[in-house]
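One chain is shown next in structure tokens, namely the form predicted alone.
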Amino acid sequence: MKDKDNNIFYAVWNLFASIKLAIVVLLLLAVTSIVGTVVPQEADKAIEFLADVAGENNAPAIYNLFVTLDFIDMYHSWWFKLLLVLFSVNLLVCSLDKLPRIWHIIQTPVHPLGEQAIKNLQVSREIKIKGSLQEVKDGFLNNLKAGRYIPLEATDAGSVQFYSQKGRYTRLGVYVVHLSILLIFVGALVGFQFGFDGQLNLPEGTTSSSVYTFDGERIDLDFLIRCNWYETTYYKESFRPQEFESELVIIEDGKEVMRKIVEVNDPLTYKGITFYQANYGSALQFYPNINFYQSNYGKIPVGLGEFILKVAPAGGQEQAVRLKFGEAFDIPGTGIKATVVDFSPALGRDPRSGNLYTFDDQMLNPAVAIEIKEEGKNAYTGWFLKRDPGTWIIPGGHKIEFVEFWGLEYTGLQVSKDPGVWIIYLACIIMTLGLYVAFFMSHKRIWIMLLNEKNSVRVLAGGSATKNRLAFEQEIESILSKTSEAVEGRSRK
């Protein structure tokens, strides 16, 4: 029974130590990762993608198959986690299977070799140096130490041999790389198990205590997040966005603990949860019961948001004004009274008729219509465009700058929590060190035999290196030439 148990154990061990198993698992991970990268991991986007690829009639059936196979959320699926665990076990067993032999090589000390054995080494050189045995011996001792070798010495009748090694632990570089790969997988599994990816659409001036995964699951936060404002900056004389940003505030225990302007590639992170600026849009969809005023230029929400203006008399001090639709304000010291009477999110002019019209429901070219009344003069209405400073000046040199219609947009945030990311960062550092050791450092062993002859010393040098043989040959040539020049230079003097 014991032999049977041992046979089963070794059969399982050999299976997980198999390179073939590693190749198969790697291929499966590669193929499934490609699928997970190509197929969007969000339901609505996945359906659109499949409709474009396979046609609208086939998309529902393929989508249902993908849902069954967990391809829509594959990085959290049980089988993808199983593949990571299987590859990790395979890598660990392969490493442990070969480690005893490598460790034995590392721990084995170098010993003196015979003349023929040195000649049969991977690298072997023979020269003659004019000088005494003691002078040559001292020269090699100095140059070996300069090369960071710790030479051991063996003396025989008429000969001296130095032997040494360095970089023996560089043989473990590949195991450091293996460890980093395992840590990356551990970090990924921690992220899959305890992290999430989601989204949050937050209208200006509103606060949320939760976010939502892409499949609609609600995740409660232990703090509040508020959007103070959202802003899109467009390229000059263009409706193409240049950048979009929003100011987010973190509130905990009723106090503001963090405030940051979030831009693309510059997120806010708090308690391991990261909020990325992802998209934006009209916030009206979040207020289904709002009342609207219908004008010639579109619907204007009544009671929602505020118009923000900067008002200044000619040559006077500028001041900010916030007011609702239909409310009036004064330009200080002028007797002018003004009222917001209309609004357009994207005001344009028909090139044929010259008439103004709204060409989009997004805030591409926002403009506010303001009725101006001044005692003794006829009232008139003018349009003030946010992106056109030329429309801000009224007769008399007074200024009414339209800053924004605050509360009419939302900021779209992508939300991510990955508690395993720091493990992955650590693994990347370890992998960098391991790859450097594995590719650029080697285990070197060297033997130098000095044979005393008449008026000279015959030098037989040899050694081996685990990698970069050419550099090792150059190192041995350098030690020989420096010693020869030093000894023979002193002899000539």
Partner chain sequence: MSSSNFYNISNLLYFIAMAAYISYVGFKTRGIALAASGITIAGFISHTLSMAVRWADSHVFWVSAVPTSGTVEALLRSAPLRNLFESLNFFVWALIAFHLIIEFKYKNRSLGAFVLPVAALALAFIDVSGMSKEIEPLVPALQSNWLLFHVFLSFIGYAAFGVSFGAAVAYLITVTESRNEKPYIFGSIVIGIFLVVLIAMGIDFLTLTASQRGELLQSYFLKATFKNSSGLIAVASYIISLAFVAAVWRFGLGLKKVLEGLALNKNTLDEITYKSIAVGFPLFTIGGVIMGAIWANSAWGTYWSWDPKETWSLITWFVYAVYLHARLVAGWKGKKAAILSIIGFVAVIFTYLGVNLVLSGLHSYGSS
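Predicted model only: the values in this text are computed from it and were never measured. Residue numbers count along the first chain shown, from 1.
One more form of this protein exists, namely the form predicted in complex with the partner chain; it is left out here, but the text below deals with it.
Using a 4.5 Å heavy atom cut-off, which residue among 243, 371, 138, 388 comes into contact with the partner chain in the model of the complex?
Contact check passes for 243.
Of 339, 143, 416, 159, which residue is found within 4.5 angstroms of the partner chain in the model of the complex when only non-hydrogen atoms are counted?
Checked against the cut-off, the match is 416.
Based on heavy atom distances of 4.5 Å or less, which listed stretch (308 to 316, 342 to 350, 252 to 260, 419 to 427) is in contact with the partner chain in the model of the complex?
Selected stretch: 419 to 427.
Looking at the partner-bound form in the model of the complex, is residue 163 within 4.5 Å of the partner chain by any heavy atom?
Output for residue 163 is no: heavy atoms all beyond 4.5 Å of the partner chain.
Is residue 236 one of the residues lying within 4.5 Å of the partner chain in the model of the complex, judged by heavy atom distances?
Contact check for residue 236: yes, within 4.5 Å of the partner chain in the model of the complex.
If we define contact as a non-hydrogen atom of the residue within 4.5 angstroms of the partner, is residue 15 a contact of the partner chain in the model of the complex?
Close contact is absent here: in the model of the complex, residue 15 is far from the partner chain, nothing within 4.5 Å, heavy atoms only.
With the partner left out of view, is residue 27 within 4.5 angstroms of the partner chain in the model of the complex by any non-hydrogen atom?
Judged by the heavy-atom cut-off of 4.5 Å, residue 27 is in contact with the partner chain in the model of the complex.
Going by the partner chain in the model of the complex, which residues of 283 to 318 come within 4.5 Å of it through any heavy atom?
Stretch hits: zero.
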